[in-house]
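What follows is a single chain, given as structure tokens, in the form predicted alone.
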Amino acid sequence: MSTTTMAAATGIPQARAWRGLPALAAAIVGVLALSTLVPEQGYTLNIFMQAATYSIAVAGLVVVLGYCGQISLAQAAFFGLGAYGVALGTVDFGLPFFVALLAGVVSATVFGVALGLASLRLGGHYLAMVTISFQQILTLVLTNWAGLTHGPDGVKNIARPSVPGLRLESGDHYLGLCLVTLMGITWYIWRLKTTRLGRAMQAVRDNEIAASTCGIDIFATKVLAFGISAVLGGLGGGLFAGAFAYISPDQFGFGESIVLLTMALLGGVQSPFGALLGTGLLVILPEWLRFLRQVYLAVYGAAVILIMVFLPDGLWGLTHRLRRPAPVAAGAVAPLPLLSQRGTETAEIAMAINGLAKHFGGLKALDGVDMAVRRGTVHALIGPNGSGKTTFINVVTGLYRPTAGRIAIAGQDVTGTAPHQRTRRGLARTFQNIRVFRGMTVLENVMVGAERPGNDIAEQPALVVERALAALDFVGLRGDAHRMVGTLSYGTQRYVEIARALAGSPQVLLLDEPAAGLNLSEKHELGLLLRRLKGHGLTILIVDHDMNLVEQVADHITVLNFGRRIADGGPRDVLSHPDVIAAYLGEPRQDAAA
């Protein structure tokens, strides 16, 4: 089955994006025809050029803020770098327009990637402060380095491109170039959201920890988002310089960054169409309101505030909210690969832990823990509250760095590797406190798991969709595939997390308190699901307080107390061990599984 056929059958927007190419071509023809109706010179032409070039820069904010969730208040700086690249390149260095435009975009990209690198250790308001500082520094440089930038007087007589037969020197034809570029950028950003990179960005936005344990390189994804945003900012700025033939430093100050951000938020920062809508309104609305004379700015400001207060997702977000979810095709898909195997306990070690320690100052949360998880078994880790169970899981999955010890998966040492690198080796997990990607649908959540690097189908979009649907079939959630995951009940979100882990075809699955927060019927269903997984030979390490659940599924039990292993062995022996009874159970378990 082809990528387009499979995606179309399941309602995936990626196929619709590719099928939108004819519509894009028709739209380009339409905007070219529209540009011929705009006067070749004059105020109306300037308004259209400003809206088109600003929209390209605002599309960059859709990527970095809307998709990836990283706050950037330096988009006007990238816009200015692109503009000065064209201005200085054509006026001072005599470069052709498109060569100068490329130089401006490259310089903006370099600084954008540098800001992305700063996101390694910073986030939230700290990252916003760094971007503000960069914006202010650039404005000072443009103003004071007169020998290069012409200082406060700006750069005059900026040339437009000269292409035989296209007459781009004329205003209406140059507007056509800007509009065609804008249409292409809008289509690219729209399609990006439905690609592997787009889903990775959205996962980082919604939950960085869960994204890292799904195999996503958080750092690289953020840097890419900043880089794409800077490219679009520089491109918009370069076209802006050609449109108006004059630029000065005050056009690219911090205030303009706020204007660009407002445009994105007003229209809807999670959609390129929202960027178009917000930019158009903020550029054109003041012109519509000028008949109100002295009060038009007050009316304009009030309108913007009311829209942002009562429509937090922007104007385009309102249309998305009213849209019905696409139906899920009822056709059969290939089952999960693990369903083709039968569970057999082996002596092969799937995961080996030796001398694992984690100290928080003087507190020894883990103190020399040893554990061997055999392939094809369900290994339970139990202990009283504060015994170190969740710390153990976080160290094993790379969220914490161990103080001492060694972790090996399938014989490969992963002790010093990052969480996403361990996931690539076949390690998957769920969380005690559910970590789903709330801004995405159920199917998109599970597709992120199926796209785990190292998975056999990660690079094949059609098979990723099929694998995700198979995982939803396994947990009984295919009918909810196109629902936003945040609308599901707590217990159902647990199953989404499990399906996301299973879609990645893991070698070892770590379940951290999977029964937490579930009612009795949901716990019973979870027990049946885990027994099915056990029957198909998936290697599972489960942490849970529900001893009935543990006894149903566990082949082997390890008990922790105060960070130390106090018992390890079969369920019958461990649950009747005196130290375990004293520390955890309180009374012997006569019904312990054999």
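All residue numbers refer to positions in the sequence shown, first residue = 1. Note that the structure is a prediction, hence the values are computed from the model and not measured.
The form predicted in complex with adenosine-5'-diphosphate (ADP) is left out here; the points below concern that form.
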| property | result |
| --- | --- |
| Position in contact with adenosine-5'-diphosphate (ADP) when the complex is considered in the model of the complex, options 390, 505, 207, 441, heavy atoms within 4.5 Å | 390 |
| Contact residue in the model of the complex, chosen from 386, 368, 337, 151 - any heavy atom within 4.5 Å of adenosine-5'-diphosphate (ADP) | 386 |
| Distance check, residue 431 to adenosine-5'-diphosphate (ADP) in the model of the complex, heavy atom within 4.5 Å | no |
| Contact test in the model of the complex: residue 360 vs adenosine-5'-diphosphate (ADP), heavy atoms, 4.5 Å | yes |
| Residue 400 within 4.5 Å of adenosine-5'-diphosphate (ADP) in the model of the complex, heavy atoms | yes |
| Residue stretch of 97-105, 249-257, 360-368, 482-490 approaching adenosine-5'-diphosphate (ADP) in the model of the complex, non-hydrogen atom distance within 4.5 Å | 360-368 |
